[in-house]
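What follows is a single chain, given as C-alpha cells, in the form predicted alone.
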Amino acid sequence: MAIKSLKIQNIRNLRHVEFMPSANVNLIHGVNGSGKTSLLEAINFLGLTRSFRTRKFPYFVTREQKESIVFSQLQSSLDQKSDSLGVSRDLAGAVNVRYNGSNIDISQLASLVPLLVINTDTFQILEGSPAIRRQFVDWGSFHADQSYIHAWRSFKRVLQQRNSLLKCGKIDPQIRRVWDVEFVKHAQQITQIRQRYINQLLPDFLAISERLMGEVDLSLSFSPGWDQKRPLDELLDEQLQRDLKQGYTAAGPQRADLRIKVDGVSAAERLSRGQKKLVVSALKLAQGAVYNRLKEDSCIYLIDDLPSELDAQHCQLFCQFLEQTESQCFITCVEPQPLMSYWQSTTEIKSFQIDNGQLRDA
C-alpha cells in the first residue's frame, strides 16, 4: 500500500499542506521546529487516528482550531486502483473514518494503512516496559493472522470480567470455572499466533542485524506470560488466592514479553546507544520484510531523523534494506544531501523542504 496524494489540515503547525509523495522514498528536510515530525504524525493519524507523540489530542490539533483532518488517495502495489481515505477528529473526541465513501472501524483502517514508525521512542522496545514489546509483537500478529484481532478482543473481555470478579474478593467456583475456560481458550490461541509470528520474524531479524552489526551473538525469544511447562488452567487455580489479594490475574498473555539478548545478556544493558538503534532498526526492517512476504504488498515507513546516531556506512546499509522491502518511506532529516546518495538510481526519490509548516518541492 502506498499514499498517492495527501492533504493535511490543522495538525500542529501544518494548517494546510497538500502534496503528492513518491511511492518509494520521500525526504522531508528542514530546521528543527519547522514541522518535519508533525508531517509524520499526520500520516500516523491517517492510519491510526492518533499521534505517536502524544495521547492528548488538544496538543495535536492546530491552536484555536477544533478539528484535524487528513485525506489521501491510496494505491495498492497489487493493482493501479486508487482508493480514497479520510480521517478526522475533533476536540470532543469524535473520530470519523471514511473509506471510499463508507465508514470503517479502526482495525480495518490499520489493515489499510500498515505503518512502521522508527523514531527516538523506538528505543523503548529495548529499554521500556513489556507492554511496549507486546505492542511490537501484536502489530505483526495482527497483520499476519486475520483471526488475531477477534481472539485478542475476546480475551480482553474475559480478562476484564475475571479481574472484576477478583476485585470483589469472592468468586463463586462455578462462575470462575466458566470464565477460566474462556480465558485459557483465548490465551492459547493468542499465544500460538504470537509465537508463530516470532518464528517468522526471527530469520529476517538475525540476517538484517548481522549485516548492520557484524557477527554479534544476538538472540530473540518470546515469553508467553506464564510457564508453559504447566497447564494454564492449573496455574490459575494455584494462583487464585494471590490473584484475589492483588485484584488482578497474574498469569496469561497480558504478561507476555519479548526477550532480546546479546551474549546472553539483556541488549538494553549491554549495547551502546548507536548499537541499540541498529537493533531496533533491524526489528522494524524485519517486520516490514515479513509483512511483504505474507501480504505480497508493502507497508509504509515513518522514519524520524534517520541520520541521528548512525554513521554514513550504517545509514547506507539501512537504506539498502528499505529498498529491498519496496516500501514507501517518509524520512525526516535536517540536511538531505548525504541521504540522497544512498539509493540506487532506479529508486524514485522526492525531496521536500518544510519551513514553518509550509511544504514545497526541493
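All of these numbers come straight from a predicted model, not from anything done at the bench. Start at 1 and count along the sequence shown; that's the residue number.
Heads up, the form predicted together with a small molecule isn't pictured, but that's what we're talking about next.
Quick one: is S327 in contact with the small molecule in the model of the complex, heavy atoms, 4.5 Å cut-off?
-> Answer no; every heavy atom of S327 is more than 4.5 Å from the small molecule in the model of the complex.
Give a yes or no for G47: in the model of the complex, does one of its heavy atoms lie within 4.5 Å of a heavy atom belonging to the small molecule?
-> Close contact is absent here: in the model of the complex, G47 is far from the small molecule, nothing within 4.5 Å, heavy atoms only.
Going by a heavy atom distance of 4.5 Å, is V61 a contact of the small molecule in the model of the complex?
-> The answer is yes: V61 has a heavy atom within 4.5 Å of the small molecule.
So in the model of the complex, does N13 come within 4.5 Å of the small molecule, heavy atom to heavy atom?
-> N13: contacts the small molecule in the model of the complex.
Tell me, out of S298, S34, N26, S51, which residue has a non-hydrogen atom within 4.5 angstroms of the small molecule in the model of the complex.
-> Among S298, S34, N26, S51, a heavy atom within 4.5 Å of the small molecule in the model of the complex occurs only for S34.
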